[in-house]
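There is one chain below, alone, in structure tokens, taken in the form predicted on its own.
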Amino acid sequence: MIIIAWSRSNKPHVRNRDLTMNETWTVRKLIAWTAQWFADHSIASPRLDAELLLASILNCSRLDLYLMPDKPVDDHERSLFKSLIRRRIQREPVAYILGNKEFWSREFIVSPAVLIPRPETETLIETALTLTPECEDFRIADLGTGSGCIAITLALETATTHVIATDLSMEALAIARQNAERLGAGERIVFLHGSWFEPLNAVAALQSFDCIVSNPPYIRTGMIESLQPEIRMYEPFNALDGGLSGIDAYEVLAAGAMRWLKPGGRIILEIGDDQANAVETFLLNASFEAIDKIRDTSGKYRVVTGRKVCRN
């Protein structure tokens, strides 16, 4: 068990027992102490993590912390804060500790049943919104929805879009449904249990979609153990594992999308940064046209799109 001691020197260390301190611990002092301890333990964003965890204990925003740097933190609050620090030192992601993660300026519930939404996925959202016309009854399928962040964001950012979201994990679907209800998208999204396109076959009313989106697993199986502990120890393996080559899901998605897309409909796929050419090949082999490879803000290829051929 890790025991955190608050020392008068403000230098973090681990002791066999807690120290009972009489000094006053302020917001400023706790953040500085914790950020240094996180840095000493190779936490990637030590100050940000310290601020997020303390803000959750004090039930305030990060900005509020800067507005009250000299506010004393009482013994009870400090005890709760210590428990969160212990979890972070074990490399549990902050998003799982807090139970939420911001994506596209909205707060999504997350748990170890779902991948933590990442900023890179906003490139998929931007692409989909660019390609989504303002029309009645625009229909999107989000395959492997996880937390529901893609499906919900697309539903809320467009006026008339309706979404079908599928996932193989019942636990993930439960989280996605909670997010949809909380964020006001519950009436515009139908969640179905099953792998990729399989659940669509059981819904007789479904005909076809204007757009299919997916952020499938794309990490090579052999590389998962080399990922940072926050990912390999805590995030769901099945949502990471893209098979030996990392691209197993894309061939399935490219081939299946042809059946479910309307003529002129789009497939939009998030990819790993070295997979653009392979995914382009899958789409071409499935007879998609107008293939486009799109870079994220770091300049890496992050999304590949294709269009189902229109026939007169």
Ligand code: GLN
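The numbering used is simple: start at 1 and walk along the sequence shown. Just so we're clear, the structure is a prediction, and the values are computed from it rather than from any experiment.
Although it is not shown, the form predicted in complex with this ligand is what the next lines describe.
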Is residue 93 a contact residue for this ligand in the predicted bound form, using a 4.5 Å heavy atom cut-off?
no
Is there a heavy atom of residue 239 no more than 4.5 Å from a heavy atom of this ligand in the predicted bound form?
yes
Examine residue 132 and determine whether its closest non-hydrogen atom to this ligand in the predicted bound form is within 4.5 angstroms.
no
Within 4.5 Å, heavy atoms only: does residue 216 come near this ligand in the predicted bound form?
yes
So which of 121, 169, 158, 100 gets a non-hydrogen atom within 4.5 Å of this ligand in the predicted bound form?
121
Only one of 221-229, 80-88, 180-188, 144-152 has heavy atoms within 4.5 Å of this ligand in the predicted bound form; I'd like to know which.
144-152
Would you give me the residues of 110-130 that have any heavy atom within 4.5 Å of this ligand in the predicted bound form, in order from first to last?
115, 117, 121
